[in-house]
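Let's start with one chain on its own, the form predicted alone, as structure tokens.
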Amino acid sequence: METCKDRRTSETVDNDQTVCPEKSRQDDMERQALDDRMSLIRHKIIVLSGKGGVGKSTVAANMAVSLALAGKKVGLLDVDIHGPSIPRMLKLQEPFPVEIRDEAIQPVEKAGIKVMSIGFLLKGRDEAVIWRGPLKMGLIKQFLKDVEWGSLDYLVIDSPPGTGDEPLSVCQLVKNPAGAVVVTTPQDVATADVRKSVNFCKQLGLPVLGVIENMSGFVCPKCGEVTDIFKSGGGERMAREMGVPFLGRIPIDPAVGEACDDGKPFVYHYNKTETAKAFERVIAPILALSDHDHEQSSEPKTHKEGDRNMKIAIPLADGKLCMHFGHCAQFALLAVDEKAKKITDKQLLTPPPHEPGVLPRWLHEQGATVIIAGGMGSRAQGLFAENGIKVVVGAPAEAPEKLVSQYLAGTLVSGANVCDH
């Protein structure tokens, strides 16, 4: 059988090496498949750090969850081949078999985000990955090309420390990434290495979205006094000197470490803390990228009174309204003719796992335009509004048909919202 090595009619390159036409066509097909997959993702954001131990993976994970809590469709890709941290931070460590469906790798879903990491492919948490550059680039290419990311607003890519194979591979494979978020701590020893990450971005033409100064001061949980354990302001000063944006400071909080060890998204479970609020502030410029996409559709897609058809969702417990939507095991989805004020169809649906941001998006996909609940926190109400779903709270524990009939007739009596978080 003729091979590329033997074929003398192969294409040639300047240095006289032969190039197999079949290999060239295969590369073109793979490139097209990669571009097609990435074209469904609006913003690809690479999280970098010049030095280990600055909390880069913590920032990447909580950034992804924060974006999901803001109602965005988010993916989180861990390309730290030798030290994947994301599975442990989201409590997704082994055993966790990766499913392949329709010739695509299915990402793992947690906290409203789609996640992929080499950590899902290892036999155990202590297994060492001893690979050189080409193998690493091949795996990263497969994660970008073959994972069923679907349509996303953001793909957050957590890279290992430094400016080596992994971040370079991402930059070479992903066309037009939105940019990089660079994480540092305030000390000079950290900012000196982070400067190299900024220069790495500049040399590759990768926009720097901004610098985050992590572990910037310790806020006493009892008195609120701030102690600069690792100094403060080093990241901001470095950003100013390098001519790149500064996104903000995130203080030291023992609860962050506890949340990572427990596999809990910190910004969701500790959303009232100063540290969680700091995370919200630093992602504001990143959210602005998505806001720019939606300038032409700035009006929220809420249900308009008088529309003939709509669907009303009711969280259920024992066949009646569950007093908190997040605790229900089933939803009733009732289709109604608003003009005739009658119910035309009823479905009983089992929801996906109750992770942050999942239920609003899932009900939107089911066609829901209104949700009637007993209690719902303000954060959840905002996420439902982002997904174009009108929220009615304070409803009594009645059968779904009765509640919908009263809603259509304008006689539904709403009491106090039983949930205020």
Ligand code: ADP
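Throughout, we count residues from 1 along the sequence that is shown. Between two forms, the rigid core is defined as the largest C-alpha subset superposing within 1.5 Å. Fair warning: this is a prediction, and the values are worked out from it, not measured in the lab.
Form predicted together with this ligand: not shown, discussed below.
Visitor: Report the stretch among 253-261, 141-149, 340-348, 100-108 that approaches this ligand in the predicted bound form to within 4.5 Å, counting heavy atoms only.
Guide: Of the options given, it is 253-261.
Visitor: So, in the predicted bound form, is M215 in contact with this ligand at a 4.5 angstroms heavy atom limit?
Guide: Heavy-atom contact with this ligand at 4.5 Å: present for M215.
Visitor: Given that this ligand is not shown alongside this chain, does G53 nevertheless sit within 4.5 Å of it in the predicted bound form, heavy atom to heavy atom?
Guide: Yes, contact at 4.5 Å.
Visitor: Should Q187 be classed as touching this ligand in the predicted bound form when contacts are defined as heavy atoms within 4.5 Å?
Guide: No, no contact at 4.5 Å.
Visitor: Would you please decide whether T58 lies within 4.5 angstroms of this ligand in the predicted bound form, comparing each non-hydrogen atom pair?
Guide: Yes - in the predicted bound form, heavy atoms of T58 and this ligand come within 4.5 Å of each other.
Visitor: In the predicted bound form, which of the listed residues (V211, I113, M89, V156) lies with a heavy atom within 4.5 Å of this ligand?
Guide: By the 4.5 Å heavy-atom cutoff, the listed residue in contact is M89.
Visitor: Please pick, from S85, Q330, T163, T273, the one residue with any non-hydrogen atom lying within 4.5 angstroms of this ligand in the predicted bound form.
Guide: Checked against the cut-off, the match is S85.
Visitor: Can we say the CA of E241 moves by at least 2 Å between this form and the one not shown when the core is superposed?
Guide: Stays below the 2 Å threshold, so no.
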